[in-house]
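This document starts with one chain, in the form predicted alone, laid out as structure tokens.
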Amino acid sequence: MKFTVLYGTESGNSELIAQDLGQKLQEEHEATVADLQDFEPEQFSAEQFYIIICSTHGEGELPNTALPFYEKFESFEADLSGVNYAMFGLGDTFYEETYSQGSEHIDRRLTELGATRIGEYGRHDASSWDLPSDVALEWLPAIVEEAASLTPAGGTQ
């Protein structure tokens, strides 16, 4: 399978998680890791499975590295049917109303354009004692299993 792990970060936590997930995926799959600021909405392809890691900044806004992508993505009009992705959001439940909203902005737009989110929405709570990469690495196998079930027998994904 081909995975693209995209991240949007403010302090670097999402980048570290993306690198850890990319490294784990590369043990058995083709996987690349990219910052959302270096990714264009036109690059979404049904040939890839996307894992998006995004933190939350301020009062529920996107982090700085995700902003340029999202500004283009808001006005991007294309049918993303056939594009599958999984979402992992970071936030702090102390901020109950804005917890993990950075990732939810991207998730909503992907859904509006017809993309399909696979698996459980992954989240890391900064108020917990859990390490973000540990939580994400525990979440990953179920996502990979569901993504693999989408691949047609003999397919090249």
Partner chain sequence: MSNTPPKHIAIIGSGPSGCFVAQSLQRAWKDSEITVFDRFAVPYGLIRYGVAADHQHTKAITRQFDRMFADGSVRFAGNVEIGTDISLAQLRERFDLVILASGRWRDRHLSVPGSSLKGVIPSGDIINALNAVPRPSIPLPEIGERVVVVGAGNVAIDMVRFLVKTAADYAGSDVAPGALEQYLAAPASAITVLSRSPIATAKADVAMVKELGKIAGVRYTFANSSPATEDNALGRKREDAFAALAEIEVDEPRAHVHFVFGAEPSKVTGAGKVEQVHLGAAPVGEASVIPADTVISAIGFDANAPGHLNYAEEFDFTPAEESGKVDEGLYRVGWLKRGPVGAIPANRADSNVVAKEILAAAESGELTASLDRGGFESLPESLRAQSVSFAAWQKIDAAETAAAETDRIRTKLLDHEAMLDIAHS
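Treat the numbers as computed from the prediction; the structure is a model and nothing was measured. Numbering follows the first chain given and starts at 1.
If you look for the form predicted in complex with its partner chain, you will not find it shown, but the lines that follow are about it.
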{"query": "Option touching its partner chain, based on a heavy atom within 4.5 Å in the predicted complex, out of 46, 67, 131, 34", "finding": "131"}
{"query": "Contact segment among 109-117, 86-94, 46-54, 26-34, judged by heavy atoms lying within 4.5 Å of its partner chain in the predicted complex", "finding": "86-94"}
{"query": "Contact label in the predicted complex: residue 61 to its partner chain, heavy atom within 4.5 Å", "finding": "yes"}
{"query": "Non-hydrogen atom contact residue 144 with its partner chain in the predicted complex at 4.5 angstroms", "finding": "no"}
{"query": "Residue 140, heavy atom within 4.5 angstroms of its partner chain in the predicted complex", "finding": "no"}
{"query": "Residues within stretch 10-29 having a non-hydrogen atom within 4.5 Å of its partner chain in the predicted complex", "finding": "10, 11, 12, 13, 15, 16, 19, 20"}
